[in-house]
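Just the one chain here, laid out as structure tokens, in the form predicted on its own.
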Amino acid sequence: MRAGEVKLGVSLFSYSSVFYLGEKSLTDLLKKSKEAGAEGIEIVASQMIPGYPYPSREWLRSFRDECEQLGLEPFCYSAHLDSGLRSDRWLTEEEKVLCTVNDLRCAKDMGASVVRTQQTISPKLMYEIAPWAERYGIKVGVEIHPPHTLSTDVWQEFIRVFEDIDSPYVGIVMDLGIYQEYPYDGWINVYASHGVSQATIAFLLSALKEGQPLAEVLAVLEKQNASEYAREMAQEMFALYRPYRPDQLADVMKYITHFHTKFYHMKNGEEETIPYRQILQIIKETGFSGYLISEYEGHYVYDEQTVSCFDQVREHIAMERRLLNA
């Protein structure tokens, strides 16, 4: 991939609802991704690969071949590092490394370039994983995910470790969900459906915009004898939504394996919660090379009859392409 070359892809997790219900097959999802304008895909192994964490080589190679026939790159093998894999105890640190090595082997058979792992792996284990990633020629990216931010202690430690290792084979999968600024309509409507009044919702949204401390907001709700759902809405809102800090993104760009361009709802050609225009401008200015993997999560609040996941993915990729070419 050339310096500054950005490719657009999709996480098959975006289609979870129709896949779980058996409405679409894995082949259908690949075809829909291609139709949406994707160049590559990320597959969530524990969700869609039979036999995970020990799938057959035959299945992995067959999937690779199917992707290639459709003109798609099987870019990322999204692993699930389950600390509770055993019923009698938690996995040891050594066993977590072995699980990751197994995921690298599977990714190699599938033709992937990246293994996405999770923060259940500790920063210090990256020292042991980096040589294995280099041996397989496949990057291992740890996903940063809401409610964490780059300022969270464990992520400051990850960044220090990546600086120390100084290898292109370990880094960060940057989930843009950490940059949510404002709730989207569907999320708000879930709480409204549980009886949170419009007056309370308006108060919470105003408090969020004004940067009021959560403790003060909860104190007001207590005085108003607000419902449990209203207090829950406040706590979740203030944990997920915060002002965007573009300076941090530029600082860690060299460690990013790829982006999960998370989104929750496309409305009039724009995403409702995340400042994509500013973020993609930084991606262009820093000369990032790699994939932006669209990851739709609106299916948590919208049913498929109301909002089509396929339409959402297509609109999101079109928005990214438009902003990148602006």
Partner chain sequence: MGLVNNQRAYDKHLLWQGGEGNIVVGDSVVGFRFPVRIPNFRGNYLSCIEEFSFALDGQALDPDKIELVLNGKRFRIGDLPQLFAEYWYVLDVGIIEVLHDGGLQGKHRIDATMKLRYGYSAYFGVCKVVTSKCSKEYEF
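In this text the structure is predicted, and so the values were computed from the model without any measurement. Positions refer to the first chain, counted from 1.
Absent from the display: the form predicted in complex with its partner chain. The rest refers to it.
Item to check | Residue stretch of 251-259, 163-171, 205-213, 144-152 approaching its partner chain in the predicted bound form, non-hydrogen atom distance within 4.5 Å | outcome: That would be 144-152.
Next on the checklist: Just to confirm, with a 4.5 Å cut-off on non-hydrogen atoms, which of 190, 159, 220, 201 contacts its partner chain in the predicted bound form?
Outcome noted: Checking each option against its partner chain in the predicted bound form, the one that comes within 4.5 Å is 190.
Next on the checklist: Contact with its partner chain in the predicted bound form for residue 125, defined as at least one heavy atom pair within 4.5 Å: yes or no?
Outcome noted: Looking in the predicted bound form, residue contacts with its partner chain do not include residue 125, since no heavy atom lies within 4.5 Å.
Item to check | Residue contact check: residue 80 to its partner chain in the predicted bound form, 4.5 Å heavy atom | outcome: Residue 80: yes, in contact with its partner chain in the predicted bound form.
Next on the checklist: Against its partner chain in the predicted bound form, would residue 297 count as a contact residue? Criterion: heavy atoms within 4.5 Å.
Outcome noted: Close contact exists here: in the predicted bound form, residue 297 approaches its partner chain to within 4.5 Å, heavy atoms only.
Checklist entry - Counting only non-hydrogen atoms and a 4.5 angstroms cut-off, does residue 46 reach its partner chain in the predicted bound form? => result Flag for residue 46 set to yes.
Checklist entry - Though the partner is not shown here, which residues of 215-235 have a heavy atom within 4.5 Å of its partner chain in the predicted bound form? => result If the 4.5 Å heavy-atom criterion is applied to its partner chain in the predicted bound form, 215-235 yields 229, 232.
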